[in-house]
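Given as structure tokens, the chain that follows is alone and in the form predicted alone.
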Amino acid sequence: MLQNFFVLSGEQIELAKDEIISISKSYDSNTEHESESRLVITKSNASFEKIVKRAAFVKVAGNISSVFDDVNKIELEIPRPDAFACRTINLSSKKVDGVALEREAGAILKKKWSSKVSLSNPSLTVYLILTDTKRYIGYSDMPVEPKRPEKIFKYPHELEWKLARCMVNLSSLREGQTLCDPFCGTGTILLEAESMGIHSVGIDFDEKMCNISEKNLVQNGYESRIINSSFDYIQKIKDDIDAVVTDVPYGTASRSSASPKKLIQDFISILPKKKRLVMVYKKGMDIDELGKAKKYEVYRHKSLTRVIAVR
């Protein structure tokens, strides 16, 4: 079983941690995990490469080799790299001379491997990860570079791509499964899903938004199905989808005679049973139907906090 590490970027920490766990469990339901500060460690049959290509809030990721107390006794039983670099990631509450630690570890590993040190172009990066309770040695031979779709048409106040990507990941879908966004707007959620190999179906009552979604998808070579209809069309395709992920419109964007709360209640009432739901809405609505959902608050500005609910 692989032991992976993920150092989070620092944005939306609780959301980011659960995203990593959700992705890993979508591939291996027996995934074990622990976390401290901005560090998440998983024990799973899912590789870190597979997870990091999907995650929205990861800064650095790799394999965990071991823990250490004395840098002079570090062990890293992996094939000899041609060139390597050492990097310190201090997540502890103490000040650490990271450069000195890197030099010391680098000298030891250079002697052991007879490899050259290359700070600009290493074939392997060794990470010295420090928390308040442990010191880990990790390594990686790849940078964190998720595939990103291009969006040529945007709209004011639309969902930012990191939250959209994270919401798709919280749905626990794998490649080849199908997501539905019944308020697809400009297609942000659809684009993020497709970029990860997840099929998507978009629904929107606004023909203009449907056209924008289609153009954004075509620009990236994606063939998502876009349906110009109200959200209850989802009942007609319920057997073709595996989860619902959406940003429920509010205010002038909703263009509905119903109140935002009533719109959400009506929407939830027609959702297919036993389908995973991940939705974001404006804070301030007490939705009984989401009472058992896991919720995350995302502060935008002083007059807007959004809630992501996972049910």
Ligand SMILES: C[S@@+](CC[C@H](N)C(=O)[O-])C[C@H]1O[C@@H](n2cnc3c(N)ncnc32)[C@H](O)[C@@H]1O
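All values derive from a computational prediction rather than experimental measurement. Heads up: residue numbers just count along the shown sequence, starting at 1.
The next section is about a form of this same protein that is not shown, the form predicted in complex with this ligand.
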Counting only heavy atoms and a 4.5 Å cutoff, which of 110-118, 181-189, 94-102, 80-88 contacts this ligand in the model of the complex? 181-189
Contact with this ligand in the model of the complex, heavy atom within 4.5 Å, among 235, 72, 229, 133 goes to 229
In the model of the complex, which of the listed residues (41, 277, 248, 285) lies with a heavy atom within 4.5 Å of this ligand? 248
Residue 194 within 4.5 Å of this ligand in the model of the complex, heavy atoms: no
Given that the partner is absent here, does residue 205 sit within 4.5 Å of this ligand in the model of the complex, heavy atoms only? yes
Determine whether any heavy atom of residue 76 comes within 4.5 Å of a heavy atom of this ligand in the model of the complex, and answer yes or no. no
Using heavy atoms and a 4.5 Å limit, would one call residue 170 a contact residue for this ligand in the model of the complex? no
Taking this ligand in the model of the complex and a 4.5 Å non-hydrogen atom cutoff, the residues of 153-177 making contact are 157, 158, 159
